[in-house]
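Before any questions on how it binds or moves, here is one chain, the form predicted on its own, in structure tokens.
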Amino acid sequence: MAEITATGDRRRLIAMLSPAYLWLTVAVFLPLSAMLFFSVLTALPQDGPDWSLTLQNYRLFLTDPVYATLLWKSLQLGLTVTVICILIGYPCALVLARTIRGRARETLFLLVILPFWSNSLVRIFSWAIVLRGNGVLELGLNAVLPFDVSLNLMFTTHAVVIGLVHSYLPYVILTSYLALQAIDDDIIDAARSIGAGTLTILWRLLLPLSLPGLLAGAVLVFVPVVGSFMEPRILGGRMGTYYGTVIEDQFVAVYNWPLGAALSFILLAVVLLILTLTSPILRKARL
């Protein structure tokens, strides 16, 4: 009887998981398989019959130092944006989860997720209007301060970082907020009853217990930022040449899909390697 029940549970589990796995196969694995095939071609099959298999696209990354330099530059950008998002997002999530109550929390939470309701290009061009010379930010500062201020942050690395932080900050806030909300208030009350101060509760209780959510937000920020291309292209100008913009050029401007696919898979491999190497450290820190 137990075996029949186990078999029925297994069938129901398979039936429930089948749509999800089918969607992953269609939406993720098939496009990745196609891109992997393109990355080892000399030319696209539709461009002509004279195509063959080759590893030259991957070899070009190893022989040309420009690609490695841009990849390192993109990794530095991803780390910078991730750290800034953590420093800003975690305190915001802490205030939302542990301090503010009622309608005020709902209003602030709505403001946090509001950027998701607008198109990314709209957000980027809005920052271009704010950060350019004689833009909204510069005019506002000159109207308040008694001396003239000339910022002109457009087409700088700072503009790229500002645009990326604005785009991905909600991920850290949302994941940290959910983790902080799951902490039982009785634990905090028990810590206070034995004389623990605010900083002790934050460092010894809230931060360790909410660390999984914070790390999840950090990953959700770091991975897309390393391969980003819209913010660097629009806000960075000539200073916005990163690994992601080079990949975009291969697909859109140069029409060299094999090289673009190879560079994309190298980026995927590097990100997965970083996550694999840091996962034991992050797991130990969480425990």
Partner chain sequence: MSRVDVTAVTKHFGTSKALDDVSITFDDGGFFALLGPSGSGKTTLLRTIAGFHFPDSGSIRIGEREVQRVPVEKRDIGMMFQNYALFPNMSVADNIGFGLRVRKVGAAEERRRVAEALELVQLGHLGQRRPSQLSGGQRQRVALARAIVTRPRVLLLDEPLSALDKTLRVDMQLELRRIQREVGITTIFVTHDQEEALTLSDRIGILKDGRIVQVGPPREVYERPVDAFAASFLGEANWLPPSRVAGLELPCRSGAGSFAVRPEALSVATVPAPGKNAIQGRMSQHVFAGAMATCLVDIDGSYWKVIARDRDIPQIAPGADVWLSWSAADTIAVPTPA
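Numbering follows the first chain given and starts at 1. In this text, all values refer to a predicted model and were calculated from it rather than measured experimentally.
Heads up, the form predicted in complex with its partner chain isn't pictured, but that's what we're talking about next.
Using a 4.5 angstroms threshold between heavy atoms, I88 stays clear of its partner chain in the predicted bound form. Taking non-hydrogen atoms only, T99 never approaches its partner chain to within 4.5 angstroms in the predicted bound form.
Although the partner is absent from this view, I194 contacts its partner chain in the predicted bound form, with a non-hydrogen atom inside 4.5 angstroms. At a distance threshold of 4.5 angstroms between non-hydrogen atoms, A216 is out of contact with its partner chain in the predicted bound form. This chain is displayed without its partner chain, yet in the predicted bound form the stretch 200-208 from 159-167, 123-131, 143-151, 200-208 comes within 4.5 Å of it by heavy atoms.
The contact with its partner chain in the predicted bound form, taken as any heavy atom within 4.5 Å, belongs to A190 out of A104, V83, I113, A190.
Although its partner chain is not shown here, in the predicted bound form the stretch 130-166 places no heavy atom of any residue within 4.5 Å of it.
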